[in-house]
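First, one chain by itself in structure tokens, the form predicted alone.
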């Protein structure tokens, strides 16, 4: 495999992060214990969220949000084929939990200027069957949350915020992930906060929280800590209380190592955000000032109300040039790239296999699918040398034009 000079991600772990993981390994307590409880408490205080549950991934967080919404213990649960609005510019595990929960996904186009959900198309897609919206905050950016919340309240929608790419970002000084009824966060290796694998789900009421806790661990009664439990069931004297199962469930627990490393990184979030914002600004200025780059590229439109903790640096082609040719050239010149999320998810072959039909062509998402990509953005400040090398790689890749 070719070694690239500007990869999508660098090793995100500092020595103190790894030391925390090593401490856990030496303790020999690797399964869920004190460190997981510690990060859940820290996370709740950091973001002002009452109910936080650590998981093995952000994908599992999305799954549990939908599984909670259909759970028989929930008073106001969703019914089969209730409609869920989901951005077309999406990730598999933002989309598939809808289907896996026997609900009906309805795609919503994106806004070409900011990559997030197109609010006008969102309004058009709402019907009497629409019960929920999963909102994906793309790469650290977000839509107009004031307008989103008006739509949610007016139509009495349940809001799930997929914040897996946007931990630390704020809209009008309010953290993304604190607007919705449920929110998911990811600590995957390439994300702002990393523990290799790991994630967090948050919610706003005790009923949902208790359901989430049981779903996370096999449906166990032992996960219920509140006396005002939603789980009413007939006691059986022949069942061991430690091995009584009151709900359906999965095994989506994190390891203590993941919790320890994620907690160490989470405590540095403000610094990480500052460095990522600095890097985004420097790269944008560098490419915009170059005549050749500015001829071919445009960048995400800035919203004065959004304070981003950027995941990566997205680029969209102005001219309808061959993106594949450009990306191959960039790779040869040392720059690794990838699609924005997964591109237009309605075009993925798995949907055809599961007989999920597109409602229409999603014009904006299709454009981003064909002409959008991103490059890496790191937690440490970019050097002037790396900026020059990155710029030169782009110039070399563009200089000969495109047929």
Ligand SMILES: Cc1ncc(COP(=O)(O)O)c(C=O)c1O
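Residue numbers count along the first chain shown, from 1. The structure presented is a predicted model; accordingly, all values stated were derived computationally and were not measured.
If you look for the form predicted together with this ligand, you will not find it shown, but the lines that follow are about it.
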{"property": "Listed residue that, although this ligand is not shown, lies within 4.5 Å of it in the model of the complex (heavy atoms), from 91, 280, 175, 73", "result": "91"}
{"property": "This ligand: the contacting residue among 164, 117, 300, 262 in the model of the complex [heavy atom, 4.5 Å]", "result": "164"}
{"property": "Full three-residue contact with this ligand in the model of the complex, heavy atom 4.5 Å, for 65, 183 and 210", "result": "no"}
{"property": "One stretch from 266 to 274, 253 to 261, 190 to 198, 238 to 246 that, in the model of the complex, holds residues within 4.5 Å of this ligand by heavy atom", "result": "190 to 198"}
{"property": "4.5 angstroms heavy atom contact with this ligand in the model of the complex for residue 52", "result": "no"}
{"property": "Residue 309 within 4.5 Å of this ligand in the model of the complex, heavy atoms", "result": "no"}
{"property": "This ligand contact in the model of the complex: residue 57, any heavy atom under 4.5 Å", "result": "yes"}
{"property": "4.5 Å heavy atom contact, residue 136 to this ligand in the model of the complex", "result": "yes"}
{"property": "Sequence-ordered list of residues in 9 to 39 near this ligand in the model of the complex, where near means a heavy atom within 4.5 Å", "result": "none"}
